[in-house]
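Single chain ahead, written as structure tokens, the form predicted alone.
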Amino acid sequence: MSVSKLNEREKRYVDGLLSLLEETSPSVRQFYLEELENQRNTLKLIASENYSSVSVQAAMGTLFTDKYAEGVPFHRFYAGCEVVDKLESECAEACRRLFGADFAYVQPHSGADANLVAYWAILSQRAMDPILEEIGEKNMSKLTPADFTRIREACHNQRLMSLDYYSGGHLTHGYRMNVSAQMFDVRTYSVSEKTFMLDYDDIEKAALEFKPLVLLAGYSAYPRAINFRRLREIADKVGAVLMVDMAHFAGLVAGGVFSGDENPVAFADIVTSTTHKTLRGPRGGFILAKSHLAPFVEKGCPLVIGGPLEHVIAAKLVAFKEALKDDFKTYAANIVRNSRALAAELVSQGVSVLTGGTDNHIVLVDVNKSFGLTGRQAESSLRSIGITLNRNALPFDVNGPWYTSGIRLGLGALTTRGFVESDMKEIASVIKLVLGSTRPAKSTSKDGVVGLSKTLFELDSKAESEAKGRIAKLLEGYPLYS
């Protein structure tokens, strides 16, 4: 897949879209063009973003958006679903084949939806179903109020063990401000204070003590591969369901970079993911499951999903087919090469990189330690010269989740755009130049106290000018949708 130069058919499609919007919704056309220029003229290092193909984008802009299809293929609550039944079935099969899974469910609108459906699938099988068997009634509508209360209490009295948010876990993994923490009694495990990496012996010790129903693995900001065989062993020791959220690294699994003990599909009972990060698809989610969980997973509707977004499912199908091609394996391998090269260059220039490197698409930098900045100041300073990334909390972060002490760099998008290992030296050098030339600005509090701001920054004008020129030169070699 190329996002550098559009072929003639792609060009005609985009020209037609712009022409139509010019007549019907000129403001939307203008926003489209502004965002295109924005992405063309910046280095996108946001780890959770990528560039999708024009075919993926076109599939979303179809009349499938008009179709209600509550239920699952060939078992719908609306008439007229004969075509979307075929579409969704083919999409699920392509997803299942891509990852070598027993079962695939492609309706979730997002990774958060996918996690909610997965949680309740586990609760349905392990907490709810035994009670229904005992009562002798499968129809929830026919339960007495007392029996239904018993089921609710059983489902809300289960334990989840997951990676701490500050160690790289995700909001939906039991963070107290998220509904997942309201659903479960949650205990988190952290990375080592010395290495900032997972310690499986510590995880096992905590699991044996806590005895969770669900042992959850996966991350949004962890730069190393995970040994899922080891986690499977831990889950089996405590009788837990092993759930993996591979939203960030699904493309590395699909592309064969993460194989053997690093492939979660081989070991987990249930796997959730998004489709838009390293997988390069539309914004959406999906679930993979072992056969024994499949009947519970496909009840996302009516649980938390109403009508599935069939136009997005069409785009997911396009993306899965793209990922099944041989060149996707090359792409996935190049992501890791670029990430390791960028991490190594930053380290060589004296920048503090967590764990000293990376195994995936993520590089975490401690800007507080390296430059005396908050993550928010570093994010804003780099954005001002044409590098787009996000601030990120680090393990044991003294600045909290809003200001943070770190930034997260991701190489999925730049790799799609065509950047190679040799470009990483220049990118690392510009980052070092900019952050080394950035200082916290002074600010005055409401009571008149002058101090250093956690938000405002001052960037040396000479460094700013030089950095902008170097970024522009880099971008010249990798046009986007031109």
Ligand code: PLP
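Residue positions are given as counts along the sequence shown, with the first one as 1. Small disclaimer: the values here were computed from a predicted structure and weren't measured.
What comes next is about the form predicted together with this ligand, which does not appear here.
Remark: of stretches 244 to 252, 228 to 236, 69 to 77, 191 to 199, the one touching this ligand in the predicted bound form is 244 to 252 (heavy atom within 4.5 Å). For the residues 263, 358, 220, 374, the 4.5 Å heavy atom test against this ligand in the predicted bound form is passed only by 220. Residue 274 is the only one of 274, 405, 338, 167 with a heavy atom lying within 4.5 Å of this ligand in the predicted bound form. Remark: residue 110 counts among the residues lining this ligand in the predicted bound form, judged by a heavy atom distance of 4.5 Å or less. Contact between residue 391 and this ligand in the predicted bound form is not found at the 4.5 Å heavy atom cutoff.
Residue 162 falls outside the set of residues with a heavy atom inside 4.5 Å of this ligand in the predicted bound form. Though the partner is left out of this view, residue 381 does not reach within 4.5 Å of this ligand in the predicted bound form, counting heavy atoms only.
Contacts between stretch 164 to 183 and this ligand, counted in the predicted bound form as any heavy atom lying within 4.5 Å, involve 170, 172, 173, listed in sequence order.
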